[in-house]
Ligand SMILES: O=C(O)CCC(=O)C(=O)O
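To begin, one chain is listed below as structure tokens, in the form predicted on its own.
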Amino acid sequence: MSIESQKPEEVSFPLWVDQPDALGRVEARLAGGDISQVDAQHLRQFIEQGFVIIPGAISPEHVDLINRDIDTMHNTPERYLVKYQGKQFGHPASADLPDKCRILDMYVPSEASLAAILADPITHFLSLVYGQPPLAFQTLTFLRGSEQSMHKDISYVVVDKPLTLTASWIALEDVKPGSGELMYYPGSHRDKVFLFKDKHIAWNPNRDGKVTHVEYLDFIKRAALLRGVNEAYFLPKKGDALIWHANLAHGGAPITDSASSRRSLVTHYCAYEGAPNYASVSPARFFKRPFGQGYYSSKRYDLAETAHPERPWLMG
């Protein structure tokens, strides 16, 4: 297999892009006229490096619509959910949001955001990876850089088949050095999968503790050192998108320019036939809605057809 696992019985790699013959399949599909040259280039990069960059995936004019929704969401605060300081949830009380806040699942109240995370260039590529439409199941909208340590999404975001997880990062403005730009280790998706307590892919703070989490972060750094790989930095233009593999190590660079914002829209996906963990926790409240060439669901918003017509955005 392309990805080396410490516990093969605990980790499955159902995506064709993670199989030993993945590059050969790309060339066969290209020769057969099934995919374009651009498709083939994107797939090769995803297979070999664990990510692909799609310049201009979203038009600047469309990004302006998303930013308008961000700037005016305090006018209808009950529609939006924000997260402060790790665990505190609430509605935006003013246009000035704390630096470390994250807007949750903005694609439900903001149709502009929904159209972006399921834009044709993104859903087309993910459909090639999955062999079926993608399901967007959560987003985080950042106003400034997260400064988060290098990590891998499979350690925190749980889906029924862990390594079918993918993510997109859409720039809502031109990103400048020093703004806490996205950083990643190219090729790190091929590293061994870290298993907490030698058997769990996802970190559970109560079960695994902080010490094990420190070991996990060190594991990621040591793997990069062993391969002689340095951090790469994503400095996109407004509307550019980066899509990454579940096992790609990434994080937020330190903010050295305190005056710089770094607006971005991050989305997690799985295959349409898959499901995030919250689907098993609350199956009666799990709905897949179609949009464009993909689908979406949400843990925090009621997407049932019977949702209250005047307050369809609030769970509970």
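We number the residues from 1 along the sequence you see. In this text, all values refer to a predicted model and were calculated from it rather than measured experimentally.
Here the subject shifts to the form predicted in complex with the ligand, a form of this protein not shown in this document.
Among residues of the shown chain, residue 171 is not one whose heavy atoms approach the ligand to within 4.5 Å in the predicted bound form. In the predicted bound form, the ligand lies within 4.5 Å of some heavy atom of residue 140.
Of the heavy atoms in residue 240, none are within 4.5 Å of the ligand in the predicted bound form. Put simply, residue 266 is close to the ligand in the predicted bound form: some heavy atom of it is within 4.5 Å.
For the options 155, 146, 164, 188, the residue carrying a heavy atom within 4.5 angstroms of the ligand in the predicted bound form is 146. Proximity to the ligand in the predicted bound form, defined as a heavy atom within 4.5 Å, holds among 159, 246, 136, 182 only for 182. Here the chain stands by itself, but in the predicted bound form one stretch of 111-119, 77-85, 124-132, 147-155, 147-155, has heavy atoms within 4.5 Å of the ligand. Shown here without the ligand, the chain has 244, 250, 251, 252 in 234-255 lying with a heavy atom within 4.5 Å of that partner in the predicted bound form.
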